[in-house]
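Shown here is one chain on its own, the form predicted alone, set out as structure tokens.
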Amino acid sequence: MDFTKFFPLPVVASAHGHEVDLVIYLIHALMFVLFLGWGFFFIFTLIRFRKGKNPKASYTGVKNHISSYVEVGVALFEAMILIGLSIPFWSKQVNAFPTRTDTMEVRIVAEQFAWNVHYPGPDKKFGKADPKFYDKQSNPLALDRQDPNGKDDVVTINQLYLPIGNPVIIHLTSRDVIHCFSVPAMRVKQDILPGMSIPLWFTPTKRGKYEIACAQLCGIGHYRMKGYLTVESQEEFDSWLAQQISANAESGGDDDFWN
């Protein structure tokens, strides 16, 4: 029986997504079994030890060890989920970052109430940033426009474009309060703390447009802090990136480029 057809989760669009779903299904299966077991046990005790059949209290207690066996079984199942699945997954997906040559790196700076996305450009080098260059409208990432490494950098607001099949490392920072970068289709969610750069990574495996949400209450405009992740082919991504670099060069880095 395929339980995923009866209890569907959001579409999976990342390489590690099915492993996350497996843990979710196992945990909920355990909770469901415990819920039914305790429910039937409660009903059984109400009927079996009702006052009409047991007018006098019994002080001998239960003499079998069924409850102990059940507790051991539950503990073993939980250990299997934790030691057999969760810890190895954490070691592989969270602690170990990809070293492939086609791995992309992107910076995202969260602020009330937008996602500022920063690409390094073809040279794969991020331009320098300094708070003195910050302007909420024209330069929300406080980039130094004179830095040679930043001449081909690309910046978008609430729009993240990635090529399918390539690992991506996203460096997350916050300009103001605690935010949370969440892309359910990619099975990634990471709190973002002011003053820290926190990396996460995943490999998109399905083309499409997916929502980026802030999963941490970050202020009165939290409800509208929404962005979009577009996964496309390598050729489409390269074409998009070239168009953005060309538009930036023509505008001289003015506001028209920040879209």
Partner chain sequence: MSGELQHYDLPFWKKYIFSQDHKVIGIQYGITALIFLFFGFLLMLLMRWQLAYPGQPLPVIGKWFGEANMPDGVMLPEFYNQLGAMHGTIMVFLGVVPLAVGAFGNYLVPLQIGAPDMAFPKLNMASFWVYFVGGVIMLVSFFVPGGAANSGWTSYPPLANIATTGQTYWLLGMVFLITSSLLGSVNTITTIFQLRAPGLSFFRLPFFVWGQLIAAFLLLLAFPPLEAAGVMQLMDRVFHTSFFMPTGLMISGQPLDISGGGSVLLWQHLFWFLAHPEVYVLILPAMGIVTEIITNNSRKPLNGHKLMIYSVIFLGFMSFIVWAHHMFLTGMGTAISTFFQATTMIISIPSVIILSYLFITLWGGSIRFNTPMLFALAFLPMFGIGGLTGLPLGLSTSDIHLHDTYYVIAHFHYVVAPGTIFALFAGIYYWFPKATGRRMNELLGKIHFWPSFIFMNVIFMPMFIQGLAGVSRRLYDGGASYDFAQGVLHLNKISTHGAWGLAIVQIPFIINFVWSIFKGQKVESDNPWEATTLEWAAPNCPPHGNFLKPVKAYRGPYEYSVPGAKKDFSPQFEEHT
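Each form is matched to the other, and the largest set of C-alpha atoms that superpose within 1.5 Å is called the rigid core. Residue numbers count along the first chain shown, from 1. Note that the coordinates shown come from a computational prediction; the quantities given were computed from them, not determined experimentally.
There is another form of the same protein, the form predicted together with the partner chain; it is not shown, and what comes next is about it.
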task = May I ask whether V94, L193 and Q216 each come within 4.5 Å of the partner chain in the model of the complex, counting any non-hydrogen atom?
result = yes
task = Check whether I87 has any heavy atom within 4.5 Å of a heavy atom of the partner chain in the model of the complex, and answer yes or no.
result = yes
key: Distance check, V20 to the partner chain in the model of the complex, heavy atom within 4.5 Å   = yes
message = At 4.5 Å between heavy atoms, is D147 in contact with the partner chain in the model of the complex?
response = no
Partner contact for T103 in the model of the complex: the partner chain, 4.5 angstroms, heavy atom = no
note = Of 163-171, 150-158, 182-190, 121-129, the segment with heavy atoms within 4.5 Å of the partner chain in the model of the complex is residues 182-190
ask   = Who in 33-52 is close to the partner chain in the model of the complex, meaning a heavy atom within 4.5 Å?
value = L34, F35, W38, F41, F42, F44, T45, L46, F49, R50, K51
query = On a core-based superposition, does S68 travel 2 Å or more at its Cα between the shown form and the other one?
reply = no
